[in-house]
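Take a look at this single chain, the form predicted alone, given in structure tokens.
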Amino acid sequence: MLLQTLNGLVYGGLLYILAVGLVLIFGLRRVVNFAHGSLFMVGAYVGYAIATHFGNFWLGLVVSVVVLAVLGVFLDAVVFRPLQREDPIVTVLVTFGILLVLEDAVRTIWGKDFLSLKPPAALAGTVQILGESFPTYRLFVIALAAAVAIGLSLWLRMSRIGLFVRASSVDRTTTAILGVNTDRVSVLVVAAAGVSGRVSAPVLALSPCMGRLILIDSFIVVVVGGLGSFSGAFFAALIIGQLHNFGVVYLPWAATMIPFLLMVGILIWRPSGFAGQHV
């Protein structure tokens, strides 16, 4: 039970880091970004390529974050900014099209085969927890997700830029009238998918469809936690991670349905999610 709980925290941590980007882009642009999963995938593959070529895991992490930040800035300027004035169905179709394009690009460059990446030497072993062995790298993923959650909370609540982000997500027009450049604010929130994708590489098998699969659970996290709510996304990610992991182990025939059933229940009895609409 302890090992399964920890594995649930690992998956929940990856979901949270990925869901943060969805929450931010929705709060700032009111755009539901179906391409976010493909950014997760691109981050994983870029990190894999750099790590295998140079033999340095941490260099791959840095490069993947930089590449995803540049790609995110480009998509924000060319896609998300114009789409915020369009009908929601247009947003869904365009961002889903971007997902398909990026998946085909990955297939062309790296092929269709599953790839795997070993964790760095410093995190390659195991630790004993109450007499049970658990991979050190998975503990690192849990610690990283916790650090992201704490750092994001402090940044949003105690920094000037964080204040601008919160204000823009609540009322973008009024915030702009008060002199805040909301376009620059949105540029600061585009690399979370790269971090999540790169960190997940030693945990999940790399494939062109990996982003599409985890994107579904990430959207469930955002809906269950509450659109625009960072704290809600954190608690929802922990719950979905546990449901996913224990479902795979104890109820494999229903594992894929359980998160959807939770989302359906939330939409029926509390449509605003665990934490309402905003932080």
Partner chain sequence: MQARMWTRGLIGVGAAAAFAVQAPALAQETIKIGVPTALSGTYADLGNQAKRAVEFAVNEVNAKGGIGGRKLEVKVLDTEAKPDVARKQAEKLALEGYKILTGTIASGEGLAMAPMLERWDALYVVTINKADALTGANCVPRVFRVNHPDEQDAAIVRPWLGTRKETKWAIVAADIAWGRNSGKSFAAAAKANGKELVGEFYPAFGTNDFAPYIQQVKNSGAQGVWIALAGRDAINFATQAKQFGLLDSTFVAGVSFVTDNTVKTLGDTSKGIWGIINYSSTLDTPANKRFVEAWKKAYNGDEPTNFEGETYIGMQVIIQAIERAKSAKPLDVARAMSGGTFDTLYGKSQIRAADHQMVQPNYFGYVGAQGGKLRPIITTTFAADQATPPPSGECKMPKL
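This structure is a prediction, so every number in the text was calculated from the model and none was measured. Residue numbers count along the first chain shown, from 1.
The protein also exists as the form predicted together with its partner chain; that form is not presented, and the subsequent description refers to it.
Of the residues Leu144, Leu71, Leu204, Leu156, just one reaches its partner chain in the predicted complex with a heavy atom at 4.5 Å or closer; this is Leu204. In the predicted complex, Leu59 stays away from its partner chain, with no heavy atom inside 4.5 Å. Although the partner is absent from this view, Asp113 contacts its partner chain in the predicted complex, with a non-hydrogen atom inside 4.5 angstroms. Contact check for Asn245: a heavy atom falls within 4.5 Å of its partner chain in the predicted complex. Interface residue remark: Glu132 is counted as part of the site for its partner chain in the predicted complex, having a heavy atom within 4.5 Å.
With the partner omitted here, the stretch from 159 to 167, 204 to 212, 76 to 84, 145 to 153 that lies within 4.5 Å of its partner chain by heavy atoms in the predicted complex is 204 to 212.
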